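Single chain ahead, by itself, as structure tokens, in the form predicted on its own.
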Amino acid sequence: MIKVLDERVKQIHEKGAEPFDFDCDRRSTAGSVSQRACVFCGSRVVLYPIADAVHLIHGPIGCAAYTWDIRGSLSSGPELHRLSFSTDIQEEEVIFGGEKKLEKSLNELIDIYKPKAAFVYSTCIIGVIGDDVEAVCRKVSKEKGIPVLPVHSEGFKGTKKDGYAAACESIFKIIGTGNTDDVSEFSINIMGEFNLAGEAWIIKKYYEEMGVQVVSTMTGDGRVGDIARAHGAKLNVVQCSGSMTKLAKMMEERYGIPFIRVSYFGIEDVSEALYEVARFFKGNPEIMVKAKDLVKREISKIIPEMEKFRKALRGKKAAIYVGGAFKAFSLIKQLRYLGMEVVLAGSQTGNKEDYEFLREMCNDGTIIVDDSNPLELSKYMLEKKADLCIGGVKERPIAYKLGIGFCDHNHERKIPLAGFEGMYNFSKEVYNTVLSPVWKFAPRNRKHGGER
């Protein structure tokens, strides 16, 4: 029997078994081998898809391993974001400081690549040695005439959520510097959508078909110029609430732009995301008419095939462990539509309100976890007899070692899972994974006596 660390007992809850007294939104417990990423990683998740900017990591070369190829955000034009640059701090800079090396690196990169902006990511060692990154960025920005923005993403400062916040603060310095003369009165910014496998293009096409102008996507297929004029939009539509709600609130406070939280995963949620925007622009009823026509058309395309998936998957069990809790909400709805039962649901960055809502959505007996680790995930997936695990790159080997099907719903995937076509892709992947005959050879599914 796997034992849960005493310090983590209140970050795990089984619905129906006890009163809900949940602890979350805290730093990872030492020794728990958390699945959660660091501050630096969080900042890169948000900023990396800005395709016409230089992204320079100020620190040891190892941190530069977190590149575009890990995340896979697509661009319709420039692909500067695909290149990973580092100042490659050595022992000499640790002792005498790395500011000169940072300035030299920035000047060279800007001269060679002619970016629209540059982001400089501070890593753990920079926080320790105390380089004045702000001063270097100001100097180079003045000399080169482009925004050069420090990102205070020292990994030891907190959690992945703190990285999101650092990224939002850097982006906010660009917003408000562009011209908004051609921005429509029916316009939005899509926020927290990172264009994995081209998903931002799908969502943008929906809104444009409805007659809504998309001023910027922050940050999937992002452009510095579009972000600079994002303050002209009339509404911010926030998809990944953990990463972008802070920026939406900052824009609301300074520019008076309201925001809504949506999800583009699953038939129910993507339909509501379109309808909510249409309701906001009630001054133009034609937008709602077009939204309803679009939803009807897209659903009719996928429903016949979906019925086959639902029939085969009915009664199967799934475990969900993802980065943001808002995604978990949508996944529960998607799996229920497919007739599946969710036996474990958790996230890396959820807050008290998120987990309260998650508890209300789940059935009795469902395990709810915050900032989990491999031992806990293994324990509960085996105990609850899950047929499927939905997570990211770090959960994949856990599932496969247990002989459980896996669906990648994080940033490594190559097929879109957002929008109506994304719901079809997701359902097909779940169907093919769960119903694969390979799982009968897994040790947990073998008959007693070693027979297969």
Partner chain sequence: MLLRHTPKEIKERTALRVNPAKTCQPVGAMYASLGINKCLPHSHGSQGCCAYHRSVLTRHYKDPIMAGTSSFTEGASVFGGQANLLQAIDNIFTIYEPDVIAVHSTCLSETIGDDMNQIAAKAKEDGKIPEGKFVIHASTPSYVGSHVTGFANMTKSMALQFAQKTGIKEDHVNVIPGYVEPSDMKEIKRLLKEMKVKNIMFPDTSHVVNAPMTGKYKMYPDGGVTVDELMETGDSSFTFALGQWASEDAAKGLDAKFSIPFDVLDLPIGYKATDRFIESLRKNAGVTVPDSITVERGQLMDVIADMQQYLYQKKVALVGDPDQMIALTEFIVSLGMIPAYVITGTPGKKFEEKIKQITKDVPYEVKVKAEGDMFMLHQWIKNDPVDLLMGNTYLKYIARDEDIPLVRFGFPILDRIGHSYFPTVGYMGALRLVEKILERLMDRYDRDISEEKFELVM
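Residue numbers count along the first chain shown, from 1. Everything numeric here is computed off the predicted structure, so don't read it as measured data.
As for the form predicted in complex with its partner chain, it is not shown, yet the points below apply to it.
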query	finding
Touches its partner chain in the predicted complex: residue 113 (any heavy atom, 4.5 Å)	yes
Partner proximity in the predicted complex: residue 283 to its partner chain, non-hydrogen atom cutoff 4.5 Å	no
Interface membership of residue 146, its partner chain in the predicted complex, 4.5 Å heavy atom rule	no
Proximity of residue 439 to its partner chain in the predicted complex, heavy atoms at 4.5 Å	yes
Single option in 306, 80, 257, 295 placed near its partner chain in the predicted complex, where near means a heavy atom within 4.5 Å	80
Single option in 170, 366, 122, 87 placed near its partner chain in the predicted complex, where near means a heavy atom within 4.5 Å	87
Contact segment among 182-190, 201-209, 369-377, 274-282, judged by heavy atoms lying within 4.5 Å of its partner chain in the predicted complex	369-377
Sequence-ordered list of residues in 388-415 near its partner chain in the predicted complex, where near means a heavy atom within 4.5 Å	393, 394, 397, 398, 400, 401, 402, 403, 411, 412
